[in-house]
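Below, in structure tokens: the form predicted alone, a single chain.
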């Protein structure tokens, strides 16, 4: 006897009996799996965009090298000049690594240049130099950490807006640096510090400052991409309230981030002392502009929630190369600042356009 057509289509009465409606648990599991798949796809797409951005920056850097080689071939492509470019990039590059963490968390630090100046001045006083290499390094790092601690406490626990808190630190640190030096240059007389800036100390032709920068970059990349601290930083920058509900101590995380920025400023101050052989209250001028610009064009979102150490480093190299080319071609410093400002505006507009199109 044949089954009715309706039963044949559904596998008969027994099949109909075993076909149960989806339970809430099944539905939740399916939804979770779908979301997981979407998130993985989103992260893969994000990684692809970051790779494209990094490749684009490499292309820009290659183009600048070609321009420098064409305009001033004998000077730009000279080994000493290339070593100088990398050495100069090392100082602002260390600052930029710390700035990348702060911006990724949704904050900003306008005081980095002033902190570098204060740390370099404090570390080169006659009293500090009596303790030699260790005394200078220790003082520079401690001053940087102290300033970062003040910024972090004001922002995380004092409820101040990062822009205002770090702007106040900028003014205070600059003023204190001027008071300590009385407007004079403090010459370093510790040979063990000065020796790090001469060619005899280079390792395989690489200046020690560049090696320090490379080490800071690698550590920064590992912390941001491979640790809980890095994931919390991105979470706080993406949505601070959601991060708090997820169990992250947002205030403590922000305090740590400004401490990290201060630490990077202290290390950069020590590198600058080696490079310049002195401490001045004008050191670190406009470092905040350079660090923010390098981070933004590298792919770090100014609004927070996304950061890339590799992109920031490439941004530093691009800006340093531009500055070097301008200097070799005797272009005025005001033209350099105009060019940097234009690059920042262009980078922010590109980010806004990307976010508006739902690609970020």
Partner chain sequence: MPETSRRGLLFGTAAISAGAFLTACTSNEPDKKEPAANTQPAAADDKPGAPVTIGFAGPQADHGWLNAINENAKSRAAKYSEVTLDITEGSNDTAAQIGQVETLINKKVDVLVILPADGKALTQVGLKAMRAGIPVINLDRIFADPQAYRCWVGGDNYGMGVSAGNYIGEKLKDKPNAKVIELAGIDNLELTQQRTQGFDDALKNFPNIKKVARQAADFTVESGQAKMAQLLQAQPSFDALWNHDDDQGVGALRAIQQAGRDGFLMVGGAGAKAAMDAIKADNSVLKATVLYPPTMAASAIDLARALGQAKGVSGLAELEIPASLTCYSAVVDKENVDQYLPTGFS
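A quick note: this is a predicted structure, and the numbers were derived from the prediction, not measured. Residue numbers count along the first chain shown, from 1. Here, rigid core means the biggest group of C-alpha atoms that superpose within 1.5 Å across both forms.
What comes next is about the form predicted in complex with the partner chain, which does not appear here.
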- Within 4.5 Å of the partner chain in the model of the complex by heavy atoms, the stretch out of 153 to 161, 187 to 195, 258 to 266, 94 to 102 is 187 to 195
- Item | in the model of the complex, residue 183 touching the partner chain (heavy atom, 4.5 Å) | yes
- Would residue 205 count as touching the partner chain in the model of the complex under a 4.5 Å heavy atom rule? no
- Task: May I ask you to check whether residue 327 falls inside a 4.5 Å heavy atom distance of the partner chain in the model of the complex?
- Result: yes
- Is there a heavy atom of residue 110 lying 4.5 Å or less from a heavy atom of the partner chain in the model of the complex? no
- Candidate site 127, 272 and 333: all three near the partner chain in the model of the complex by heavy atom within 4.5 Å: yes
- Item | Candidate from 86, 214, 168, 276 lying within 4.5 Å of the partner chain in the model of the complex - any heavy atom | 276
- Query: In sequence order, which positions of 127 to 159 have a non-hydrogen atom within 4.5 Å of the partner chain in the model of the complex?
  - Reply: 127, 128, 131, 135, 138, 139, 142, 143
- Item | Yes/no, residue 328 Cα shift of 2 Å or more between this form and the one not shown with rigid core fixed | yes
